[in-house]
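For reference, the chain that follows is the form predicted on its own, supplied as structure tokens.
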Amino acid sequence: MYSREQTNKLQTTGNQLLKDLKSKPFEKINVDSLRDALRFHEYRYYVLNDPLISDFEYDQLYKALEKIELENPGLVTADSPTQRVAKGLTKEFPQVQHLVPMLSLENSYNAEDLIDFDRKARELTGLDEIEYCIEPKFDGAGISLIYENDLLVRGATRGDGVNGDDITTNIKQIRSIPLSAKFSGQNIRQIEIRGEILINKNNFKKYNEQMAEQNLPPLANPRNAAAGTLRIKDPKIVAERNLEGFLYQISYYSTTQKNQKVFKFHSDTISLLWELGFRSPEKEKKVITGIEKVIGHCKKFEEGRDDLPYEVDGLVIKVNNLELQEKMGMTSHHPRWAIAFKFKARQATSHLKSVEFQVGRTGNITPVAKIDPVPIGGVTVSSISLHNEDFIKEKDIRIGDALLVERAGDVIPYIVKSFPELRKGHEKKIHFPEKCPVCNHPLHKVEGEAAWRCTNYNCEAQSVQRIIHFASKDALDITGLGEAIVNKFYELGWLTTIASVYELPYEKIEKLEGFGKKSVQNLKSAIEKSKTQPLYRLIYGLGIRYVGEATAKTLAQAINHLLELKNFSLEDLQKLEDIGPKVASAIYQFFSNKENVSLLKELEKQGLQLKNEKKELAQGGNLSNLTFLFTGTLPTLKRSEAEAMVEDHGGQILSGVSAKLNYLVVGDDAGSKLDKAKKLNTVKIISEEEFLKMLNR
């Protein structure tokens, strides 16, 4: 629809308008240019599913046009973006019409917007104070469901708001959406429900870990992953993604009794959906009277957004009384009785200035993008990992490119995509080095893997990174020996290997600027304390390729002394829980290396525990030879505490549900592990209370 020249022109126009909005009064903004820019970005978003700006930037343009037209009604045109819901989605699935149009929501980004919304609501209703229902604004893919005579008959995407894609078969793969529900108990014959499809953070992370193991590019973010999954034509793949459905709005219903009003409040509809087995925001909703209290709740909720198991990008504030909603009505774009309070933006556009190649502790070469600094979610981002050569090729990223950058719930910045259509000819391809950027050793790439590696074990960068990892919190947890201190001590020649951590010249450190007797004594105490850490932490701290905390625990449980592993064959290693050929090979190579074995002997001389004393103590425990797994939120125990209890009593923690699992301990909001365990008749499902009783027998 738009040529490359038009694309560049309209993108430039949009960028200039965003700048003008910050420096010029609205009456100085060219309204025709504003409309053209918005139409272009709607096309990129709704038709191509390939936006060139972030949601926040689009909202700024839209709100400016809305305000200009509100103050100057004579400027409003029939085809203005404010007068219609964006249309023109591609038709890969059959198109169906919603019973009631799925309108957008008016957006707000500050308390002033909410106060203004409340003022208008009070004027429209004639009330001095209004009761609101507040619920999360889920950051997923919008859907509409229709139930007739208690059966699910149709599921559709939001589409253009009037028509959506029929995705009923895919909807049925989502276990949190009931195939039937007893709406007939309320005399409801037909009902249309609105909701959002999500991938929770845990499942999203696990899926991307599986992609990484197969050397496949990860999914960009949970929202795009959910939306893309709904349009996959193979229902089996949809089922594997572990999608979740949150249903939050009854948009239409008809009853067996003429003109019967079933609900008085919006909050009642959420409660009914919850009672009928839907995943509604019953636990997250809040009914509050008065806008000041609403604002306080919004601020508090935003502070804890990262603690939620799913992504939210704001809160939705709705007038709770349904009769008042009907009285207030709606515009062609949004209902007047609801508004979205958007959290700080977590996407932004920037430009790639250069690429640096960093060497990790196992020799992996990681390209790091240096971008124009840009604020995202309250943090200024200037460096982002490009992962590997394949990622760069997959995203077609070049130096000088415009980029869409995201900072999701795990706070790690991510490049969603580049914008090839905005290139002006000066962009340069990124060339991967053939030799290590630190030691100049030739790089090596194993067939079937994505990463290039420096195989020189004595490479300076690897030595430093190994020491940093060894001292990290999840490994030996040596407080005071962070990255900056390790680099400084390495430059001074005091740190050369892991073993040299235990040979530091404390009398010389005292003389360094920034150090004193107390800080040196604290460092010395932390290093001494590290000698008593459990064996699995030492194994993890060694930095063996592919060996994370779970695998380190598996190895520790299999031995009485760490040096026993040098006698394990590849076959022996693969008999252990969750250790496949690739991981077994890395472990085997590490313990076959004479230098590594010498290092371990040196560490033992320096006082570190290579014996599994915990195993010796736990062998006679009352959970001996039993396997456990925890899922959901436990009532009183943290997951780490419960797992430690199992190991202290001779039991073993597994990483997933399998035929080897004896007990699954279930807390609140248990996920797919519970479903899988139910299918296996061999797994006993117990509560935290039952688990504690087992410990005390």
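Residues carry their position along the shown sequence, with the first being 1. Because the structure is a prediction, the values reported are computed rather than measured.
Heads up, the form predicted together with a small molecule isn't pictured, but that's what we're talking about next.
Using a 4.5 angstroms threshold between heavy atoms, Ile468 stays clear of the small molecule in the predicted complex. Among residues of the shown chain, Ala111 is not one whose heavy atoms approach the small molecule to within 4.5 Å in the predicted complex.
Put simply, Gln249 is close to the small molecule in the predicted complex: some heavy atom of it is within 4.5 Å.
Using a 4.5 angstroms limit between non-hydrogen atoms, Pro420 is distant from the small molecule in the predicted complex.
Pro335 is the sole member of Pro335, Gly400, Gly228, Gly621 with a non-hydrogen atom lying within 4.5 angstroms of the small molecule in the predicted complex. The contact with the small molecule in the predicted complex, taken as any heavy atom within 4.5 Å, belongs to Glu135 out of Glu406, Glu135, Asp165, Glu192. Checking 135-143, 391-399, 535-543, 254-262 against the small molecule in the predicted complex, the stretch whose residues place heavy atoms within 4.5 Å of it is 135-143.
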